[in-house]
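In the form predicted alone, a lone chain appears below as structure tokens.
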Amino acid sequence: MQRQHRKVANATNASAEHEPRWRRRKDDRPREILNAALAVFLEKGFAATRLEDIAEKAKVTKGTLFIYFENKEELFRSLIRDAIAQSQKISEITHVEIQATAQDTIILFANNWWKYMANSDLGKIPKMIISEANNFPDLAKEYFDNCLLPGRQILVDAIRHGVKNGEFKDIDPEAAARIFLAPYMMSQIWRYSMGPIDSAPMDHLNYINTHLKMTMNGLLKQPS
């Protein structure tokens, strides 16, 4: 019986390994289209983007787009909601790995932001959301409620904890969290707007590290 089970398992693995390439490509197609759409929307904005532009970027026909997405608006909405789902995972990771001290929690937040957001396609989303907030207010609110607000709440809770246990100076946690987040948002907006034409390109890692040092020295009762 065990030998028979091994044969079945081996046959299943062999089948997966020799799965037709066209089938694997078909499964990957929605992701490829979303990646292409992100690049084109970011470059041209929603109004100026044509489905033909996205199809060309994704190296598919316009008809292929309609297999997966009904129209340009549905494609845009799918793109944002995909980003929301990915961003929620980052907040969950930070909650799971919450640190003992408020300082460590804030540093962890900064590390996770850099690791999962700054250098990935998720980092392109804030600029696009802000640009299209008037056209898609429901999506902007959904992004705020599910991505920005949870991240801000992590910081508010950490700063409040630091004030309470004497680690931080007496400061308004809500205001401090907003001030902490502002340079992060500015960094991503700048990168995909003024950044390409900046005569002195920003070193984003150095920018974030400098901001983190200044913030911690401002918060800690005994700066290090």
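Keep in mind the model is a prediction, meaning the values are calculated, not measured. Residues carry their position along the shown sequence, with the first being 1.
Although it is not shown, the form predicted together with another copy of the chain is what the next lines describe.
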Worksheet item: Do E43 and another copy of the chain share at least one heavy atom pair within 4.5 Å in the predicted bound form?
Response: yes
Item to complete: Answer for T61 alone: is it within 4.5 Å of another copy of the chain in the predicted bound form, judged on heavy atom distances?
Response: no
Practice prompt. Although another copy of the chain is absent from this view, report whether P183 comes within 4.5 Å of it in the predicted bound form, heavy atoms only.
Written response: yes
Discussion item. Residue-level contact is defined here as any heavy atom of the residue lying within 4.5 Å of another copy of the chain in the predicted bound form; does L108 satisfy this criterion?
Written reply: no
Item to complete: Give, in sequence order, every residue of 127-158 that has a heavy atom within 4.5 Å of another copy of the chain in the predicted bound form, or say none if there are no such residues.
Response: K127, I129, I130, S131, A133, N134, N135, P137, A140, K141, F144, L148, L149, R152
